[in-house]
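Just the one chain here, the form predicted on its own, laid out as structure tokens.
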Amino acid sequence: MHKKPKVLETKEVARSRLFCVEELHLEFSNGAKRVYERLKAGGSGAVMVVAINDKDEVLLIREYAAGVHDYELALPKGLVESDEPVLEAANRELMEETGYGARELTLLKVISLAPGYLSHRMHVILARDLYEQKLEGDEPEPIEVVPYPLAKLSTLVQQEDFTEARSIAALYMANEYLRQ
């Protein structure tokens, strides 16, 4: 087992409304010193929800993605509020983005996207036993809900508008979990 490097200093070097860039001054167990930069996550983390309805369809959403300046299909997701339990956050996001809540919520895994420079972690939640329940969200326009047969997962990942790696990984994890 590797010993984690000793943090000598942390310093904020840039901040925007959404991002904080942090400099980490580290000393490794062999004495080597390095300075790393990372995007520091704020708040209590985030959730991504794989919601399966009674027709074995996953509820996808189509919304504007500023990073690629296009509309993308993805799974419902959002930030965990301060002091909010992760499963409650998942159910809240599901209600805000799809108009459904879930009676059964299961944490599948906590994943990272690019751990070399992002400190962000995402809780992947499987949601089943859905019921209609809409909460008002903070999206600038209505989100399109797209039910998609989970059995056609291999076709879905080939679609041009379904590119988000976290959504793809979460769907494969959920599919494997459900097959067991």
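Being a predicted model, the structure only gives us computed values, none of them experimental. By rigid core we mean the largest C-alpha set that fits within 1.5 Å across both forms. Residue positions are given as counts along the sequence shown, with the first one as 1.
The next section is about a form of this same protein that is not shown, the form predicted in complex with a further copy of the same chain.
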4.5 Å heavy atom contact with a further copy of the same chain in the predicted complex for all of Tyr100, Leu135 and Pro149
no
Evaluate Arg15 for contact with a further copy of the same chain in the predicted complex, applying a 4.5 angstroms cut-off between non-hydrogen atoms, and reply yes or no.
yes
With a 4.5 Å heavy atom cut-off, would you call Met173 a contact of a further copy of the same chain in the predicted complex?
yes
Is Gly67 a contact residue for a further copy of the same chain in the predicted complex, using a 4.5 Å heavy atom cut-off?
yes
Find out whether any non-hydrogen atom of Lys55 is located within 4.5 angstroms of a further copy of the same chain in the predicted complex, and reply yes or no.
no
Any residue of 143-166 with a heavy atom within 4.5 Å of a further copy of the same chain in the predicted complex counts; write them all down in order.
Glu144, Ser154, Val157, Gln158, Gln159, Phe162, Thr163, Glu164, Ala165, Arg166
How about Glu160 - superposed on the rigid core, does its CA move between this form and the one not shown by 2 Å or more?
no
